[in-house]
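Just one chain follows, in the form predicted on its own, and it is written as C-alpha cells.
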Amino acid sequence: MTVLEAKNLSYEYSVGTPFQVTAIKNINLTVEKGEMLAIIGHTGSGKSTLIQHFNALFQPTEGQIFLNGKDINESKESAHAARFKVGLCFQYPEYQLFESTVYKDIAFGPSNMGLSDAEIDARVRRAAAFTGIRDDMLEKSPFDLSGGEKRRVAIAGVMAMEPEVLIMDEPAAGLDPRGRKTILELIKNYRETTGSTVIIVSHSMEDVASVADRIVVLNKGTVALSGSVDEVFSHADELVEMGLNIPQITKIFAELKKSGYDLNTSVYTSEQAKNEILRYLQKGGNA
C-alpha cells in the first residue's frame, strides 16, 4: 500500500532571477507503507530538496505530493497536518536543541499537536525508551550531554510525534563507528517495533546496505536508479560515474572473486562478510 507519492515533481530555486536553478526535475516516486527506503546521491543531487517536499516545507514548482492518496498542498490545513504525519529529522539535528531540559525538548513536537498532558508524557517516555534516553536524563539540560546523546534526544523529539513516515537526513553523519552503529540499530528497532515507514537519506553505502529494503539513487535532480540493495549495487560502474561508490567490503569480495575464490560478491556489511566466509570454509574452500 502506497503511503507517500511524488508525481511529476519539480522544484526550482530563485525563480525569475539570474540565479534560477532546477534542483529536482520530473520525479516520480512511491513509498510503500512500512518499508525502509534509502535515498542516496552525491552532494547537490537533490536529496534534501526532495524530502522537504514530503511534509510541505517546500511547495513544488510543478507536480504533486500525495500522502495516503491526498495532495498535501491542496490547502493550508492539509499542509499543516502533513508536518505532523511526516516527521523530518534534519542532518545534525542536535544543533536544533533549545529547551532547558531533555524532557521539554522531546515534548516540543507533541505539545504543538493539541494532545493532553498525559498523552504528551506517554509519547516522551516511549520516544526516550526507543532512543536509549534514560529517565534520569530527562531533567538534565540537553547541552550537558555528549554529542551522541544529543543526537538521540533530537531524534526522539521527532519520534515523539509518532509520524506515519519518519524521514532522517544523514542520521549517522559525523559519528564515530560505535555511534553510527547505535543510531542505525535504533532506527531499525523503531521501524520493526512500530511498523512505521522510514526514509533515510545518506551518501554512506555501508549505512544504506545495513538497513534499507529499497534504494532510490538521485543524480542531477532526477531518479537515476531504483530497486533492491542488490539491484542498485549491481550497477557499480554507474554509481561511480555519479560520484558514489559501492561499500569497501564489497570491493574486497569482488577482488577475491577475481583471484579465484568462489565467493558471493553481494556482500555489503561486515556481518554478511563473516557469514559468507564461514559458508565458503564450510564448503571446504581454501583459507
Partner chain sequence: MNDNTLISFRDVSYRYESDTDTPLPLALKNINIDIKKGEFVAILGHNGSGKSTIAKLSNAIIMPESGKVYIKGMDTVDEKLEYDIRQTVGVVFQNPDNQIVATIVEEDVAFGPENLGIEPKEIRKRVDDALKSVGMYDYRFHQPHKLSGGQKQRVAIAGIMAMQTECIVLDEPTAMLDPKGREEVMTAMQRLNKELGITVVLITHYMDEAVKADRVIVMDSGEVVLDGTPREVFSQPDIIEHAGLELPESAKLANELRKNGVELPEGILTPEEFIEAFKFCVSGGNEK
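These numbers come from a predicted model, not from an experiment. For the two forms, the rigid core is made up of the largest set of C-alpha atoms that agree within 1.5 Å on superposition. Residue numbers count along the first chain shown, from 1.
Keep in mind that the form predicted together with its partner chain is not shown, yet the notes after this line are about it.
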property	result
Proximity of residue 243 to its partner chain in the model of the complex, heavy atoms at 4.5 Å	yes
Proximity of residue 261 to its partner chain in the model of the complex, heavy atoms at 4.5 Å	yes
Contact label in the model of the complex: residue 178 to its partner chain, heavy atom within 4.5 Å	yes
4.5 Å heavy atom contact, residue 1 to its partner chain in the model of the complex	no
Contacting member of 78, 194, 91, 101, with respect to its partner chain in the model of the complex [4.5 Å, heavy atom]	91
Which of 250-258, 225-233, 58-66, 29-37 lines the interface with its partner chain in the model of the complex (heavy atom within 4.5 Å)	250-258
Sequence-ordered list of residues in 1-22 near its partner chain in the model of the complex, where near means a heavy atom within 4.5 Å	19
Large Cα move at residue 278 between the shown form and the other one, threshold 2 Å, rigid core	yes
